[in-house]
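Read on for two forms of one protein chain; each stands alone as structure tokens, with the labels structure 1 and structure 2.
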Structure 1
């Protein structure tokens, strides 16, 4: 079998605190095959975006990826790559749709020229050819009056239009691996469908590999091949889309799926996961989900949960699951 395009092994990201360095991403591992779509799922603040920034080598200071982290892209050691090598890798082989377009666009450069610059930085094409491709991309992601918007400054665009510009920039060079961080946030349902269709076309027609970061299971169901669920910096469950959506095994995954509103619940209270995520400095030594888990028992708080192989190719890390299976 060929090696995965991307391998993330024991990746940890830490930030300083009064109690020393605290891990906001704690020894997570996953891989992506060429042409595959993996959805990284979890609540806001669980570490999904920080894991992607570790891959891109863009962790904001004073954060850092720990030396035990191993990230390999197409056989290249990303952690050992030089600044110049990473600059060449980003935007061409690796590209990212950032969650907050407000801070990612240059306020004094027209949005079209920013996409043109990204294209010409990696390809030997004329300004005119890059401009034509940019306008086509704008139309493809649902930007109205694309030719006129080309010459617009970011502050004159709505948040949704800025996000569509960022998506155009990320896919302009047809990257081998596209990281899509909440790509449909702040977009209406019609435009969400257009963006998902664009990502699907990239994956289908160009073989683009996609790391999809989201908390929206509807998006997961539309696009993902496999799903990895994170909670409080830790990986808690992994499996195929079917396994995770139809047969979740970890109590947290069950809670997330149970909280999705259904037509049959109309007029009734929504299910919820009780409690709140503890801050990183107060995470328990054992399972991070202990204080909110309906199945928690004595070993959960103080001992790291074991890795349990579930149905098919899935895995989960859970003491209750191990007890139920007699392990």
Structure 2
């Protein structure tokens, strides 16, 4: 393969707080090849959404992506693109499914029109044509009575249907990169299964590259090719799905996987991670996981953990691993 479709390097997102700006996403890097599904996992508040928004250049106001960040999409420098270029890119090559379908649709615009808008912003097609395409899309994503649903309002749709509308809006222009921010979190399990199936199909049929954001390892397992784990704004581990789920290397990933209750653990105490994620302003200076890490030892606190290649495809950032691997 030649160049990756998307390359994020040293991306930082900062928000002003009491004392200066706090990086809620701190110099993370990853890349995505054409047609690949990368899952970005981590607990709530660790900066997954912000990383994705940085790519869309949609970080909400007081926050901003730092100058050091380099984002290249299909060879274009996203950080340096003009507002108009960016607008052309958004929704056309780059689209995003947002976390909460309940609030992400405009409540006073008919759902069909919202999709039509997405199409007509980028392609000069007539309303009728766009409408036809929208209805096809609706059928494609499994919205029953697509024709009728075209002109209903979001509040009349169930969560699953709203999510389908969001998805059809996102894929309407056959984007090259689809960012799916927790696409199934708000949904019931049975519906979640349907949506996962749908995403899989789309990816297969259209060859879309997907950046999947989630905190649910089960969803990761279902969809992803590769996984990147974040903790408190930092990347802690990357690897293929199998590697990561089967043999996590970083103590945090290990802890997370261990904390997920399943039948096997019945009767045993769950493997909990002590403590909680501190708020961004109180993130430790060295390894951010230090204060909760069972394997923490003294260099963890002050110095940034080194990058350790755990396998051909995996990397982790951890002092303990470094020590174990003898470095």
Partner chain sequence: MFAYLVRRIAYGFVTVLGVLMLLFVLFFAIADPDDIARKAVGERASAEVYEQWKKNHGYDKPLIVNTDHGAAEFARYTDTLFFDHYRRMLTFDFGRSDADDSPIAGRILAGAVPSLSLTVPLFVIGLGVGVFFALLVAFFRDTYVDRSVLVLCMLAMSIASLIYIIGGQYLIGMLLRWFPISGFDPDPTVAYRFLALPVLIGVVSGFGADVRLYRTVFLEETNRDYVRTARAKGCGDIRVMTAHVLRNALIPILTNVVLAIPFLFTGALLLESFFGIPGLGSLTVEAIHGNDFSTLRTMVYIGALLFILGQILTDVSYTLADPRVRLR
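Owing to the predicted nature of the structure, the values given are computational and were not obtained by experimental measurement. What we label the rigid core is the largest C-alpha set whose atoms superpose within 1.5 Å from one form to the other. Numbering follows the first chain given and starts at 1.
For the form predicted alone, the corresponding chain is the one labelled structure 1. In this overlay on the rigid core, residue 138 has a C-alpha that sits 2 Å or more away from its partner position between structure 1 and structure 2.
Once both forms are overlaid on the rigid core, the distance between the two CA positions of residue 82 between structure 1 and structure 2 is under 2 angstroms.
Superposed on the core, the two forms differ at residue 149: its CA moves 2 Å or more between structure 1 and structure 2. Once the core is aligned between structure 1 and structure 2, the alpha carbon position of residue 124 differs by 3.6 Å; this is the C-alpha shift at that site.
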